[in-house]
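Presented below, as structure tokens, is a lone chain in the form predicted on its own.
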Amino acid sequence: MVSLQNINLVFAHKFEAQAALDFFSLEIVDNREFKIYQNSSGMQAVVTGMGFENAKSATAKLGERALEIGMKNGLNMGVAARAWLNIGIGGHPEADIGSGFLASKIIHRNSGDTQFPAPVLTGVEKAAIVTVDKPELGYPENAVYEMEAAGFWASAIEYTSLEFVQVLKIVSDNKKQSIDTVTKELVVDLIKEKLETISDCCAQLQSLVNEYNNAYSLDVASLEIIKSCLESYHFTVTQKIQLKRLVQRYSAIHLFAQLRKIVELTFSSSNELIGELSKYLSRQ
């Protein structure tokens, strides 16, 4: 099997997750606020619980964990991009039970917010995903209805680049076979039948992440600047990600000398440092 060390999987329920956890040899490593899993290659997963807020919180928790572990195990690991895949079931007005769809757009019905995942994965049909607060029984649009994708997106996009946040939903109910027929056993079987598709999506994402990390890898001098900044100021998890991306941009457009000049100045906070780095780039 392809090594999938830079993949994070997000599930709402343990019975949605179980077949994939077994397939990828993911074992529980944290059982506090949310159940978090990891395998020997570094692939991770989290079970969020139902709903937008749970998905948002659990995804953020996994993102923070991945970043902190990366920083502890080696700074270069801490700045490597990871890909995120939300996997789960949903209802669709017409599609056959067991059909799989990648999100072409994600609509949060409660807020009206709409997001558009990058169309980087192949081999699976695309569809709109509508995140609702309670199960949709009427299926008013030609879309997949579920309860977590928008929450997942809201957090995952803070930890990586747009193309590395994807959603895969498997149809569990439709107008002919209502949500009342959905059992835990059915969900387990639906995910199990889509393991090859899930594995292929993960392999595609890992390949894209490898290309990205190789293209935007940081040299020793850039990594030392990040380390120096982290030692000089207090950074939140989000600010650490912002700092990494800024240093990558300075390095990519050959502004390392200016980067060094800026970080050698004295700032009152990490936020002020990030603001100055961003301001200089905006003028280029």
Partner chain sequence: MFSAIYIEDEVREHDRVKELLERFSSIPHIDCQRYGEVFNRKGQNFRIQKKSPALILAKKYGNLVLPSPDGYGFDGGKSYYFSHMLNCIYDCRYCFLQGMYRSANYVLFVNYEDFESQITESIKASDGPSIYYSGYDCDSLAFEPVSKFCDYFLPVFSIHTSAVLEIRTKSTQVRSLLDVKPLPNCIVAMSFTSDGASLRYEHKVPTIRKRIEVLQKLQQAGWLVALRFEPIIWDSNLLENYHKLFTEIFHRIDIDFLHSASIGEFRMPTSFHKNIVKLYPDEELFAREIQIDNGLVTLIDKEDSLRQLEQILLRYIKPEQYYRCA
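On a predicted model such as this, the values are computed, not experimentally measured, just so you know. Numbering follows the first chain given and starts at 1. In this text, the rigid core denotes the largest set of C-alpha atoms whose superposition between the two forms falls within 1.5 Å.
Just so it is clear, the following notes concern the form predicted together with its partner chain, a form of the same protein that is not shown.
Handout entry: Which of 192-200, 167-175, 154-162, 130-138 lines the interface with its partner chain in the predicted complex (heavy atom within 4.5 Å)
Key = Contact criterion met by 154-162 only.
Handout entry: Candidate spot 208, 216 and 245, all three touching its partner chain in the predicted complex (heavy atom, 4.5 Å)
Key = Yes, the whole trio is in contact, each within 4.5 Å by some heavy atom.
Handout entry: residue 253, heavy atom within 4.5 angstroms of its partner chain in the predicted complex
Key = Result yes; residue 253 sits at the interface with its partner chain in the predicted complex.
Exercise for the section: May I ask you to check whether residue 109 falls inside a 4.5 Å heavy atom distance of its partner chain in the predicted complex? Expected result: Although its partner chain is absent here, residue 109 would stay clear of it in the predicted complex, with no heavy atoms inside 4.5 Å.
Practice task
Consider residue 120 of the chain shown here, and say whether it contacts its partner chain in the predicted complex, taking contact as heavy atoms within 4.5 Å.
Solution key: Close contact exists here: in the predicted complex, residue 120 approaches its partner chain to within 4.5 Å, heavy atoms only.
Exercise for the section: Although its partner chain is absent from this view, report whether residue 61 comes within 4.5 Å of it in the predicted complex, heavy atoms only. Expected result: Residue 61: no contact with its partner chain in the predicted complex.
Handout entry: Contacts with its partner chain in the predicted complex, stretch 251-284 (heavy atom within 4.5 Å)
Key = Counting only heavy atoms within 4.5 Å of its partner chain in the predicted complex, the contacting residues of 251-284 are 252, 253, 281, 282, 283, 284.
Handout entry: After fitting the core, residue 56 CA displacement of 2 Å or more between this form and the one not shown
Key = After core superposition, the displacement of the residue 56 C-alpha between this form and the one not shown stays below 2 Å, so no.
Problem - Core-superposed comparison between this form and the one not shown, residue 219 Cα displacement 2 Å or beyond - result: Residue 219 C-alpha, core-superposed: shift of 2 Å or more.
Exercise for the section: Please say whether the CA atoms of residue 207 and residue 219 come closer or move farther apart in the predicted complex, knowing the change relative to this form is 3 Å or more. Expected result: Compared with this form, residue 207 and residue 219 lie closer in the predicted complex.
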